[in-house]
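What follows is a single chain, given as structure tokens, in the form predicted alone.
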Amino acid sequence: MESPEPSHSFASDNNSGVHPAVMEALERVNEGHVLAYGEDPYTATAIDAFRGLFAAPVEVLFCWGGTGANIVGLHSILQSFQAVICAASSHINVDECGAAEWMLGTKLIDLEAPHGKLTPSQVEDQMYVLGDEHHVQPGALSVTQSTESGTLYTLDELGELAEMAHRFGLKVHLDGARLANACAAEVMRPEDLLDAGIDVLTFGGTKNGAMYGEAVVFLDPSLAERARFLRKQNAQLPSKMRYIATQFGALFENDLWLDNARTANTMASRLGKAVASLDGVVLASPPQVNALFARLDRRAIDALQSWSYFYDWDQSRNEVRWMCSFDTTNQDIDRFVAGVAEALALAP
């Protein structure tokens, strides 16, 4: 490969650095002593910012990372004999090393979901076991927005899923690791999730300019009564919480969280349009957020991964995933597209 390598890779939005405004905020709070475990003014300010964002008195618990935040959120709404209905492709099912099963003892009822999206009828089909003591009881529905397939639920779709789940007494959990990208795509606002019927969600920061840290947001505050204790039990209580909380404060200031996600989405759209014009690249669909899925010759994939790494998505179909971040530039796009063209030309 002779093409110059892009400065920022397209492997994952987890690979990006920290947004300068977030780093400055971390430096500002890194002075003096404040009480630990969230009893500090920075955590209080960040929680107030969340309540302003959702226009509701939500309860917020900061956690170290996404897997832990999902565990805390799910643990707070489940009993030991209950299960979680989720998409087979969901992060809690595929990419969390069985954390829900190991840490919570919770069975995951993973359903095949085209494009990562569940339907109300799939949820209803699982309700035949309710009341039968021989079967695990569905206790929660977990959805992802935006999905692992880079797709988006509409508000109506989320509302219909939540209505079906609530009809049978299930709580609704939303994995929002990339919720910012969904909001930047203008399919929804945070406060819309209350009307849609979401009970608890993970609000992602790490993939959107933060150094580390996620927030569990209880849209139904009554569900948070046990959660503080469960957060501690699940090793997700940060002692120096100001360093997580202040990152969200910085992201919410002047809607930086939306600007970051909007940039990532825009770069993915630009990348999609550019590679779609190359012979030998087949896009699964135009990107809806910051994820792009493409099929191309295996030899070209191997050459590209050695040059500027990214992940396979479905090796059986030679499908790969290219992710854009808040710091992806037009030069990164131009260089990567040139590299794709070169790799395709090198594949005999």
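All figures in this text were calculated on a predicted structure; none of them were measured in a lab. Don't overthink the numbering: it's just position in the shown sequence, from 1.
Keep in mind that the form predicted together with a further copy of the same chain is not shown, yet the notes after this line are about it.
Visitor: Which residue, R270, R189, H166, H135, has a heavy atom that falls within 4.5 Å of a further copy of the same chain in the predicted complex?
Guide: Looking at R270, R189, H166, H135 one by one, just H135 meets the 4.5 Å heavy-atom criterion.
Visitor: Out of the stretches listed (22-30, 51-59, 278-286, 294-302), which one is close to a further copy of the same chain in the predicted complex, meaning heavy atoms within 4.5 Å?
Guide: Contact criterion met by 22-30 only.
Visitor: So, in the predicted complex, is P41 in contact with a further copy of the same chain at a 4.5 angstroms heavy atom limit?
Guide: No, P41 stays farther than 4.5 Å from a further copy of the same chain in the predicted complex.
Visitor: Is it the case that N14, even though its partner is missing from this view, gets within 4.5 Å of a further copy of the same chain in the predicted complex, heavy atoms only?
Guide: Contact with a further copy of the same chain, yes.
Visitor: Answer yes if any heavy atom of R262 is within 4.5 Å of a heavy atom of a further copy of the same chain in the predicted complex; otherwise answer no.
Guide: No, R262 stays farther than 4.5 Å from a further copy of the same chain in the predicted complex.
Visitor: Does the 4.5 Å heavy atom contact test between G98 and a further copy of the same chain in the predicted complex come out positive?
Guide: Close contact exists here: in the predicted complex, G98 approaches a further copy of the same chain to within 4.5 Å, heavy atoms only.
Visitor: Every residue in H173, D175 and N318 with a non-hydrogen atom within 4.5 Å of a further copy of the same chain in the predicted complex?
Guide: The answer is no; none of H173, D175 and N318 reaches a further copy of the same chain.
Visitor: Need the contact residues for 227-265: heavy atom within 4.5 Å of a further copy of the same chain in the predicted complex, sequence order, or none if there are none.
Guide: The stretch 227-265, when checked against a further copy of the same chain in the predicted complex, contributes R228, F229, L230, R231, K232, Q233, N234, A235, Q236, L237, S239, K240, R242, Y243 at the 4.5 Å heavy-atom cut-off.
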